[in-house]
Ligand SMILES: NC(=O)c1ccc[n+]([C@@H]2O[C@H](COP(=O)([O-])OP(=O)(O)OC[C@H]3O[C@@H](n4cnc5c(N)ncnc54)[C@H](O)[C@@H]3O)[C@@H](O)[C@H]2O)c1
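Let's start with one chain on its own, the form predicted alone, as structure tokens.
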Amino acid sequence: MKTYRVGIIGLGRMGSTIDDEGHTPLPYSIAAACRASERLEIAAGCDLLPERRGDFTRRWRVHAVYEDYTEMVREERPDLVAVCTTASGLQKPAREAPDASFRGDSHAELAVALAEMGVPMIYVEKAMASSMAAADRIRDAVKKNGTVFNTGVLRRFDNRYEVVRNAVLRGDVGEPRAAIHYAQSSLMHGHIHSIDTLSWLIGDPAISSVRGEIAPRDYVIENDHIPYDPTATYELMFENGVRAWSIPAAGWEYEIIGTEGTIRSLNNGAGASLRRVPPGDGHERKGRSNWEEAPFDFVTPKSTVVSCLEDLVNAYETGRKSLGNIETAHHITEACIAVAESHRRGGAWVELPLAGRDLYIWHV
């Protein structure tokens, strides 16, 4: 069984230390996931800050650490590179753009450069780009170079959500009609997850149109620039007729409602509830108040990060598309940015693909 060498750019939380914060299921950092996988080994790390490079060496006993990622790739020739920097390229605790001209987009810039350097597999933290112009450049570079690509929308790689998806796709709730995400969230750091997960749970049909708003409601977008990551709500229309909404209440739950029942992922993936129309005549089946709880076998959680990275390896070895392939990641990013575009148009429906590509939304 071949083992693949991994280089990590950005040796902070997601790259190295997030496991210390109590996130589950472990392992959660890229480095810890590599140590847990039989298919991966840590080859090298890269960070602009010398103290992070030193901590990475002490923590993981990896002495190949670099300040310059191009030198890391040239010297170490990793099979997979994980981009774990901030999206803007600014060091935390930066919470907004320094001025109206700022267009920092570290995830996009690094993804394009790594693809052009011939790195076979790339993991990029979410959101992969802060504008569609940058997302287009990633898509073009990845497709041109045959790069296998996933982003950090980790519910797509979570077996607790996979069993919910499987129930929907095999028809346990009948034909899906509506999809709902429950939780207040920022647009680029949070709703990139919620839109991706809703899409994943119903089989990734294309999103045809989007409408939404950002907070505050009277915020005016100027010069194609939003200098912070705004709280947002949205509505989506999928090409198969399913409509989806974000509800800014409760805590990270998802519900798919169909013609024969409903399934809801509970407590940020910790469980699930399936209710179905009971057997009976046509009159009873028209009702919705008599849906009954149905047995639903849940699963022991597995590391989403290990699953994501090993999905890259499996796609690379077999030639199949990765679960978070570039076309899907590009499309979900566009739907997310379209929420802000709809806000700019007074909450009107916005058709995808977007005509304008330059709206930039800063995020961490």
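Sequential numbering from 1, following the sequence displayed. It should be emphasised that the depicted structure is a prediction, and the values quoted were computed from it without experimental measurement.
There is another form of this protein, the form predicted together with the ligand, and it is not shown here; the text below is about that form.
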Q | All of T86, K126 and H189 with a heavy atom within 4.5 Å of the ligand in the model of the complex | A | yes
**Q.** Location of the ligand contact in the model of the complex, chosen stretch of 135-143, 151-159, 215-223, 240-248 [non-hydrogen atom, 4.5 Å]
**A.** 151-159
Q) Can you pick the one in L309, C336, C46, A31 that has a heavy atom within 4.5 Å of the ligand in the model of the complex? A) C46
Q) Can any non-hydrogen atom of R52 be found within 4.5 angstroms of the ligand in the model of the complex? A) yes
Q: Classify K92 as contacting or not contacting the ligand in the model of the complex by the rule of any non-hydrogen atom within 4.5 angstroms, answering yes or no.
A: yes
Q) With a 4.5 Å heavy atom cut-off, would you call H181 a contact of the ligand in the model of the complex? A) no
Q | Close approach of H193 to the ligand in the model of the complex, 4.5 Å, heavy atom | A | yes
